[in-house]
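Taking the form predicted alone, here's one chain by itself in structure tokens.
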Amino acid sequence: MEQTISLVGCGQTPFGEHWDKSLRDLIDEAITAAIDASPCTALDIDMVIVANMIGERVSGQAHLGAMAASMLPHHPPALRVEAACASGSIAIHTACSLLESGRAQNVLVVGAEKMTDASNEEIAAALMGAADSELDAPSGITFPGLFGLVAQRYMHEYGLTREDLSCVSEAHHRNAVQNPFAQFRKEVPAQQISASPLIADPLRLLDCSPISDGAAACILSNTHASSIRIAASQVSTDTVSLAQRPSLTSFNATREAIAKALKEAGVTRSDLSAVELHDCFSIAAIISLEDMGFAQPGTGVQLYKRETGLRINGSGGLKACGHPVAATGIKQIIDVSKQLSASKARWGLAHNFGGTGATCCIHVLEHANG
């Protein structure tokens, strides 16, 4: 980064089913918690960025930038960003750009989704907005189906077994037990995961991240200091449709984003102690570890079977924390900062993608006292 950008305040709601709260309520709760945890006052905020994907379709509410800004006494300028499930991290990236340009000094970033008020069919259709409406949607496929195809091809190429796949969700559920904000705070053995209902062969119910409500917010500043700074923020993109990709078992946007992020931060993979990655489906976690260079192609699952010193989804990830899509990228930043602060380690990374890896945003965080 060309400037020191500090993470000075964080707040989030628990992820889960919030039948008694609206999208507005969730945004307000996360914003209030972030401001209360920061050295800033509400009046110090000079820009608000809101991440949201399906507010119009599910809650009947667009224009969320202005809504969020109206929760502050001075109604600062605001905008909304959308990049499917990468919306939250793209909002962080946008905030970093504004801070580096000098157009803002203290930026409030909030991501939120209200998903459980709609039927599963409505949510599946809304989420398919992240796929190609001409090449993918007419076939009737959904995202479980798309990642089921990815998993089938990966198993064919590398010999991954059903038992291997279950190791991923098992580990992430185990990590979530200690996370008070997680949607599912209980261990789930691999055998139970393998025996859960089939969704899109070979993916089963417990391979899939859940439908969730929730919001997460943070304040980034170049005038206030904290022990956590954003050392790199990088975005890469690929074709929206899998049909236009040369491979189903690697997401090139992740490969490009990690290379740029490590270069910007001036670190190597071995410097990283904590990674929050985008495990929307268990196969996505395995492929992402390989694409980020932590494992060779076909060997990512081995990182779940042996001690490596790298903490993967210590929060529980999307699988166990829940996945209110536009809040996830911001929640990942919050969780990496918590893990660095608790461990006193220096470097951590957040990996967030949208669609089937069409947009990937990676942030590297540094703990000043690590």
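Treat the numbers as computed from the prediction; the structure is a model and nothing was measured. Note that residue numbering follows the sequence shown and begins at 1.
Here the subject shifts to the form predicted in complex with a further copy of the same chain, a form of this protein not shown in this document.
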Contact test in the predicted bound form: residue 334 vs a further copy of the same chain, heavy atoms, 4.5 Å: no
Classify residue 53 as contacting or not contacting a further copy of the same chain in the predicted bound form by the rule of any non-hydrogen atom within 4.5 angstroms, answering yes or no. yes
Look up in the predicted bound form whether residue 354 has a non-hydrogen atom within 4.5 angstroms of a further copy of the same chain, and give yes or no. yes
Taking the shortest heavy atom distance, is residue 299 within 4.5 Å of a further copy of the same chain in the predicted bound form? no
Per contact check vs a further copy of the same chain in the predicted bound form (non-hydrogen atom within 4.5 angstroms), the hit among 221-229, 160-168, 82-90, 185-193 is 82-90
Candidate site 77, 130 and 133: all three near a further copy of the same chain in the predicted bound form by heavy atom within 4.5 Å: yes
With the partner omitted here, the residue among 149, 118, 98, 199 that in the predicted bound form has a heavy atom within 4.5 Å of a further copy of the same chain is 98
In the predicted bound form, the residue from 103, 153, 269, 263 with a non-hydrogen atom within 4.5 Å of a further copy of the same chain is 103
Contact set, 59-76 vs a further copy of the same chain in the predicted bound form - heavy atom within 4.5 angstroms: 59, 60, 61, 62, 63, 64, 66, 67, 69, 70, 75, 76
